[in-house]
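We've got the same protein chain twice here, in two forms, each standing alone as structure tokens: structure 1 and structure 2.
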Structure 1
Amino acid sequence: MKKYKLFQLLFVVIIGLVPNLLMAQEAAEKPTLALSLKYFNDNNKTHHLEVQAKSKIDGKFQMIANVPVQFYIGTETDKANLIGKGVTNPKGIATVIIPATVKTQWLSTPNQTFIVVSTPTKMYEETKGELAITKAKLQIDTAEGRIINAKLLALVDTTWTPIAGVDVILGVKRLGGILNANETPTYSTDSSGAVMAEFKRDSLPGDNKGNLILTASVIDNDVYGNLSVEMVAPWGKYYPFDSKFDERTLFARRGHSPLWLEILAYAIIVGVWAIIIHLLLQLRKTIKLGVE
């Protein structure tokens, strides 16, 4: 009897421990979510934050979609510092524009800390990412001889100060991205925070006035983030659009293909049907001879 009670007690203990062990195993197997935060200053007018959520699955980092995130400035404990909310897209990215509602906090110090916090889900625990930046801006101008000048300034205490030793990309905006102004990919700012490049892209197509959009940008800098500035310069070339819509060309719309191509196509069709009809007539004659 005692053995039976002991066995019964042991069985109850095991049954009670199994759910806890399963829950502990499930929690241990939950993958870790990583949040990578970036800051962007666009043309010294708008500022936005971008977060990318990723996790290591099967030994490889994969972008995680549908993760709700909240963006804060300064600290996440004060709800007044909330910049905005978002949900990561299929590439694991969520973006928010820094609104005017946090202007007081933004102007309070030359250095800012941004925080992104993810909402807990079935797959991932709450995760936090931080980014500290120093306020900076780029200036761009042109000089005689098709020269692009740019200058990097950072806010030190209350003064905009030139910054040396930062890589700047000078180029021209195209549909596929930024085309470098010449063969040099990047330029490092000097003691006055300036860089200079000669624009060597001759006969580059511009708008209907021959204008191009010149750009200067700082990419993924550890201190200043991502900065970009643009200006228009009449250094392009206007190419009038020559429409071939009503002309006979190889890639024209229906009914406007070259005559030789149409003749060739119709000749093939007529030839094939002529052979088929000839074979049918011969078959008819053969059937008649067999009946007679």
Structure 2
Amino acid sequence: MKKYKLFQLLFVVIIGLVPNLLMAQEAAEKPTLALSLKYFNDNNKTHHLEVQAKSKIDGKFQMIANVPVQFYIGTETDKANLIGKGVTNPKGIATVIIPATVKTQWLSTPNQTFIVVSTPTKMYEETKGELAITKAKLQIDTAEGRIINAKLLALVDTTWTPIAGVDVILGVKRLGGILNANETPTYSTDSSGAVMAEFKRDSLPGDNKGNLILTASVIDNDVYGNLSVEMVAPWGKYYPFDSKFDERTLFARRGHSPLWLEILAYAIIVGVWAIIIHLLLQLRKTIKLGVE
């Protein structure tokens, strides 16, 4: 009887708790997703957008992978404004090149707004990110005395106007990054939108004609986004590939070991085997002595 009462009590407790637990689960808030949008103008030819999805997990911002996102130009309400779709990679990044299909929208105004919208997932609600930029372009040129000149122009109404006071990096492409042209990391554009730097890197390895790729770039500017432009200049040095293939080295193929090793090894082998052969001859002598 006592046992029966105990089960009854347990049943009541479970029935009472289950709805509460379910409600608590429903009430648990999904973590917030933050979408950070960036604009890139590469060589004044291609334009692309990049979004990075982040969320605070265990008190730290972490990159969120596998988030489906759609990019729009102007507003997200009109499907014609869709630039493209993407899914964030393990670094939380998704990229889209602005295609020719949105050319009309792109040309309609000198100031553009880009919107990124994430599709709701089990973990995250739908989230929106926005970026407003002013169209701008960088120009790069060289002058005698290994000088790099660059100019920043922004589109004001329908005119490309020089912009002052923007930080520009002048450098050279090197090992997957940008090496500054000299010890100055950045230059601020003057009233004519221009910057100038003396190229002080000597004997940098170039291609087989000694060409280097010079670059001018604006990075993460609040108004103009990321702009970069590059040009080729014969300021490097050609280093022919020094093949060790047919040389005598410790790592070479058979028959191409270093001479010192061959002399040493063969001297030891010949020395020891000469002794062995001598001893075998002595054995033969012993046999002959016994037979005589």
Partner chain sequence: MEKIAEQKIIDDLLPQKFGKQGVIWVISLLAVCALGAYAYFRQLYYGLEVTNLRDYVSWGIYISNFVFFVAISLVGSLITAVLRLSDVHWSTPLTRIAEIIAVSAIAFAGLIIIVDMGRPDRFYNLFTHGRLQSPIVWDVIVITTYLLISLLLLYFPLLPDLKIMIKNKERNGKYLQKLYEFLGSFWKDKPEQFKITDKAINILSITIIPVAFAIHTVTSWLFATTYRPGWDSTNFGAYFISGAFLVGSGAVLIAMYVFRTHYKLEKYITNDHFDKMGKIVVLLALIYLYFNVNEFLVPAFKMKKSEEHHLMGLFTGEFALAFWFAISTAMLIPILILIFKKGRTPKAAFVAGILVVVGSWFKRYLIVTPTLLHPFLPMSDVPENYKHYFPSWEEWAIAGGSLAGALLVVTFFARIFPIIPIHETITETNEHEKV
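Between two forms, the rigid core is defined as the largest C-alpha subset superposing within 1.5 Å. Since the model is a prediction, treat every value here as computed from it, not as a measurement. Each residue is numbered by where it sits in the sequence of structure 1, with counting from 1.
The form predicted alone appears here as structure 1.
Remark: with the core as the superposition reference, the CA shift of Ala65 between structures 1 and 2 stays below 2 Å. Here Val223 does not count as shifted, since its C-alpha moves by less than 2 Å between structures 1 and 2 after the core is aligned. With the core fitted, the CA of Trp273 sits 16.5 Å away from its counterpart between structures 1 and 2.
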